[in-house]
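Just the one chain here, the form predicted on its own, laid out as structure tokens.
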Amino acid sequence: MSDNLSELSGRKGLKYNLFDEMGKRAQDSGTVPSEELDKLAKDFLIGKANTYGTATFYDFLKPENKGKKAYVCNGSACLCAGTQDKVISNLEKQFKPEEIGHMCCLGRCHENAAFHIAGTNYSGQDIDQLDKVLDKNSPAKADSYHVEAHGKAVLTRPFGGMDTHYAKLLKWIEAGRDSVLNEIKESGIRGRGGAGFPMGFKLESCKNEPGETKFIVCNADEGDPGAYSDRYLLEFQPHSVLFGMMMAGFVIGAKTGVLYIRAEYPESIKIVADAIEELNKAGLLGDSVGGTDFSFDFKIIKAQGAYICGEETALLSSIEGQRPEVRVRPPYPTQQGLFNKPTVVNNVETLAALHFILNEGGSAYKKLGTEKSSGTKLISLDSYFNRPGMYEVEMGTPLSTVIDELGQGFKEPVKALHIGGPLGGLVPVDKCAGLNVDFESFAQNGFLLGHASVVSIPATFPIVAYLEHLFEFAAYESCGKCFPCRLGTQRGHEMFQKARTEGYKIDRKLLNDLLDTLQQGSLCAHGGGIPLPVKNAVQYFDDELNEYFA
């Protein structure tokens, strides 16, 4: 990350944004033509090497993406479901192999067989109806899944219309920034993106930073395979997300909210854009919102395919048009974030919860959940459940309730659940009965709740193959800034690949040294988090893995 490049990128503000312009210039061919990269470098007074370095990082900007016409989901959920070989086979009847790329993940984990063509996602039985998919006159079929609140509905409450939904917006603005902040702090809400950091503390830190220009950024780059809770909120509860961003922005003194939404969610981008337009028509955006002293606008940035952008500092570099490399902290984003200005980055689910908190009261939210993990949590269940879908539960709900009552058990034998994304814990099914859905329960038992995505590993799927897949994913998606992650994930992939295919015997001490180096030496949770599921697997599935060790 370069402070100078951050300043240069920010000179033109967000309306004419370097990264956004790269995406627009890649739409026709799948990559940014070199002459366009040169023009952008000149426009933003940065070197050609910088624009080239950025463009070549992302899946949907890099030269290798040129001419791609279809994309296949290669996420863990689709891998374990075993649907993607058929998807590829059917697509190859319509496209040349070099015209087929990959995406991870499309958020269709509830029915798998996910693929993408011409700006639209498909899944389930769609692969058997490619003629309809490719017929431009045939409307795309939206996917559907079960949504249910187990107890109090906070995030899944029905939208009551613009007037009702935003009824208290102006009242809170009149009440003042401190009043809003105190209500958020009273709720005890912790970040839902995985880290569980107290939201009120982050907002207060940024509020107290000097500076006229500040930003609130919504991290909607939900890249964890198995997760589609953010996608649900963006597509079915967009006004809760926007309300939360406006209130968080009001607290810190920001006039702009940036929604960084992944390219793998094209429907989400359109639905959120339409919701912003509804706000504009209602006179609740722009200068002097509702006649108050508060001014606010939104900017949607379409991501371009990089899992590491789920890490907040890499995301900020991405918006600036830099390579999305993790930044060294301190300074923290609340001190020096987007374009070197104080910035708060929050996850979609965290921001969406503010609507309940500021309408029902922070104390009402605090009463839900546990003492240390207040509120509710969305959990995504994949296709191995008899009733896959999106479930909202109070923090502290037994995991067995989610599995057996809400998901109604498994369709076929499952030996483990990978919960919380690729960096989350690998939980044997016989350990689920002792876990509750909250940060503390998972941590105390050696797991990680994270985003609360669930990927089911069937009894027939080899754990060694799953670990090989995890390391391959981690190596491919590493930003490359720190040696432990860049080299260690690749070595891990090689180790398990050779063990599975060549009879190589893994030295346990060598593996432990590798995992410790990744955990202790990596700059961020990408390299630092991948050892957790590996250690869980070695601990709980040693009988299955023993033949691969020396």
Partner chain sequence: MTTQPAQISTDLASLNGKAYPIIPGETILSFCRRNLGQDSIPTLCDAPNLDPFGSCRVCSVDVALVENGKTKTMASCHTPVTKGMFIQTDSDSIQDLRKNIIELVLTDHPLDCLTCEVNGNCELQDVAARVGIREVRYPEGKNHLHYEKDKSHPYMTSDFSKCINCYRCVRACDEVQGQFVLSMAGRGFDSHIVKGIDESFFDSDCVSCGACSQACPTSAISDIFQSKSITQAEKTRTICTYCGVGCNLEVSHKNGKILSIQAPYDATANSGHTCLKGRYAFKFYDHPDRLTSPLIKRNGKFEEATWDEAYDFIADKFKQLIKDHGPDSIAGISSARTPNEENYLMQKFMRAVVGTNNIDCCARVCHSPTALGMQRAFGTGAATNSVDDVYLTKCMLVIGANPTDAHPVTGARIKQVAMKGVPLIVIDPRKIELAKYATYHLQLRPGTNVALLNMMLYYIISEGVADQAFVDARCEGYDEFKEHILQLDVDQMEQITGVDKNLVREAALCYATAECAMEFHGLGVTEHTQGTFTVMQIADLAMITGNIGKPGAGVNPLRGQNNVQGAADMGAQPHQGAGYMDVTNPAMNEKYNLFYGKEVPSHVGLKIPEMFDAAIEGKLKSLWLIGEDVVQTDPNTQKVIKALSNLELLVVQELFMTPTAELATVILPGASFLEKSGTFTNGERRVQRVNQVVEPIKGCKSDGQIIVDIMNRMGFEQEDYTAEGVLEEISQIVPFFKGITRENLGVNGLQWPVLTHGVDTQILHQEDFKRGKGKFHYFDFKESNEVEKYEKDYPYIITTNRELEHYNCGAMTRRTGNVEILTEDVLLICQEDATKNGIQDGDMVCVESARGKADIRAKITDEVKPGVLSSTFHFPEIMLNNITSDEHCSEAMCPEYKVVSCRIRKAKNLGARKPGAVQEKV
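Numbering follows the first chain given and starts at 1. Here the structure is a predicted model, which is why all the values come from computation and not from measurement.
Beyond the structure shown, there is the form predicted together with the partner chain, which is absent from this document and is the topic of what follows.
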- Candidate from V272, C479, L448, M247 lying within 4.5 Å of the partner chain in the predicted complex - any heavy atom: C479
- Message: Quick check on this chain: which one of E468, E325, D126, E183 has a heavy atom within 4.5 Å of the partner chain in the predicted complex?
- Response: E325
- in the predicted complex, do E440, Q444 and D542 all reach within 4.5 Å of the partner chain through at least one heavy atom apiece? no
- Does the partner chain come within 4.5 Å of any heavy atom of G305 in the predicted complex? yes
- Query: Using 4.5 Å between non-hydrogen atoms, is E547 touching the partner chain in the predicted complex?
  - Reply: no
- Would you check, heavy atoms only and a 4.5 Å threshold, whether P330 touches the partner chain in the predicted complex? yes
- Message: I'd like to know if Q520 sits close to the partner chain in the predicted complex, meaning any non-hydrogen atom pair within 4.5 angstroms.
- Response: yes
- Who in 453 to 492 is close to the partner chain in the predicted complex, meaning a heavy atom within 4.5 Å? A475, Y476, E477, S478, C479, G480, K481, C482, F483, P484, R486, L487, G488, Q490, R491
